[in-house]
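Next up: a single chain in structure tokens, the form predicted on its own.
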Amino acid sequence: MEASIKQHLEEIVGPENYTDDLIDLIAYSKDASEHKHRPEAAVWPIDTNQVSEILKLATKERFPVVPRGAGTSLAGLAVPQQGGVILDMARMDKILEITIEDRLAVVQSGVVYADLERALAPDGFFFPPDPASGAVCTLGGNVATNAGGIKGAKYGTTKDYVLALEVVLPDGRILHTGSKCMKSVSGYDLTKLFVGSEGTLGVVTEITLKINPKPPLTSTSMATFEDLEDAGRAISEIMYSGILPSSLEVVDQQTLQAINENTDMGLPEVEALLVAETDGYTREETEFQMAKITKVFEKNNATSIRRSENEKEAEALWAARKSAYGVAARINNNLFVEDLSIPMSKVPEMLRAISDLAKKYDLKIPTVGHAGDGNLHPVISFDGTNSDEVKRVEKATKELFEKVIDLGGTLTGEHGIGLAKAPFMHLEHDDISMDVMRSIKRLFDPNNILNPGKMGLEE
């Protein structure tokens, strides 16, 4: 990158909001995935106008710009694969408005999910998607990936709550989409087009979100199953039983074994463990729902069922599910955290396929997931310095995604495509679909300056 461009960037944001120091560029070379590539500079814009000026410069000088939130992406979305400039949105972190009577919040894209939750709590409201990285991830990143979480089965994902956006287009124009109304069908739904677009069409600077009253009470239970198919039938029956659990999570045998090898939790190493939570406004409501879930567990041969009596016991029941990622990170040097989704009835078949792949390729692939909406997270643990093991991982990954598509599933439920799944886009999307997506990309970003290399959009 020419010195004159760097100087112009520094003039736009100020010297305190610009860096090309090597230590910073190394830090910005990767996100939470295994992908890495160093940018040539990084900037921290503090308002929408600065973002606009940066993109105007990028369009003129034809250098890549990669928007970045907290860098928690597990699919390489924030990795500057073609160099250029990292656009770190973390300093645009103001909660601009909370209007309880209209059930909405307006935030800048750098607001951390947990900070919004804390701001909403005194009024008894919340923003439901609840991603696992909620303590650090930004709402702009949530929009870019259409993030979900453990409450997706009942409450949906980010797209269900985004009412309006302020977006800076690649040529610097500032676009406003949507409205502050709960219902609007005025024109094309441009808001939804940007949700899940992974920063390839524009840079989100302001978000208007629908917020919900937060049920104050929950009930939690955990069931173990010696047979994977029994657990799968229980999942399906719960989800069409007439109630919607606020969470329904699955932990497989490989994960339970890994937890026991790395902690003193002493969990039963059964084929599947399910954790269910119900919520409501009265104890009777949550208990009624949980009683129905318990009956389904019993009907499908659960070997043990534990119910929480208080918040402390509930946390103990959740411990296995919440410790899974940390434990997986200890197994080996490298991790591919996958994010497949399949129809809920196919969850046991998919879990069995993952277990078979682990045996076939002599790999550890502990798996947890949001069973209530069919979103599974196989974690492929491996040693990146072992070339033979890397080849086995590559083969297993390809077979994994082929199985997903064969079952009517999708490559990603909430992490996004990024770099990690771009090579597999053709498995899910035919030539016409890819052509339409590439046409949209060219319409918004004809010079391909925004997050290039992601989503398999290059010809």
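These figures come from a predicted structure and were not determined experimentally. When you see a residue number, it is the position in the sequence shown, counting from 1.
Here the subject shifts to the form predicted together with a further copy of the same chain, a form of this protein not shown in this document.
Relative to a further copy of the same chain in the predicted bound form, residues Asp230, Thr303 and Lys360 are all farther than 4.5 Å at every heavy atom. Only one of Gly266, Gly326, Pro213, Gly384 lies close to a further copy of the same chain in the predicted bound form, with a heavy atom inside 4.5 Å, and it is Pro213. Checked against a further copy of the same chain in the predicted bound form, the candidates Pro348, Pro170, Gly149, Gly110 yield a single residue with a heavy atom inside 4.5 Å, and that residue is Gly149. Heavy atoms within 4.5 Å of a further copy of the same chain in the predicted bound form map, among the stretches 65-73, 23-31, 406-414, 42-50, onto 406-414 alone.
Though the partner is left out of this view, Lys60 does not reach within 4.5 Å of a further copy of the same chain in the predicted bound form, counting heavy atoms only.
Heavy atoms of Arg321 never reach within 4.5 Å of a further copy of the same chain in the predicted bound form, leaving it off the interface.
Residue contact with a further copy of the same chain in the predicted bound form: Lys192 places a heavy atom within 4.5 Å of it. Although the partner is absent from this view, Gly280 contacts a further copy of the same chain in the predicted bound form, with a non-hydrogen atom inside 4.5 angstroms. If you take 440-459 and check each residue for a heavy atom within 4.5 Å of a further copy of the same chain in the predicted bound form, you get Ile440, Lys441, Leu443, Phe444, Met455, Leu457, in sequence order.
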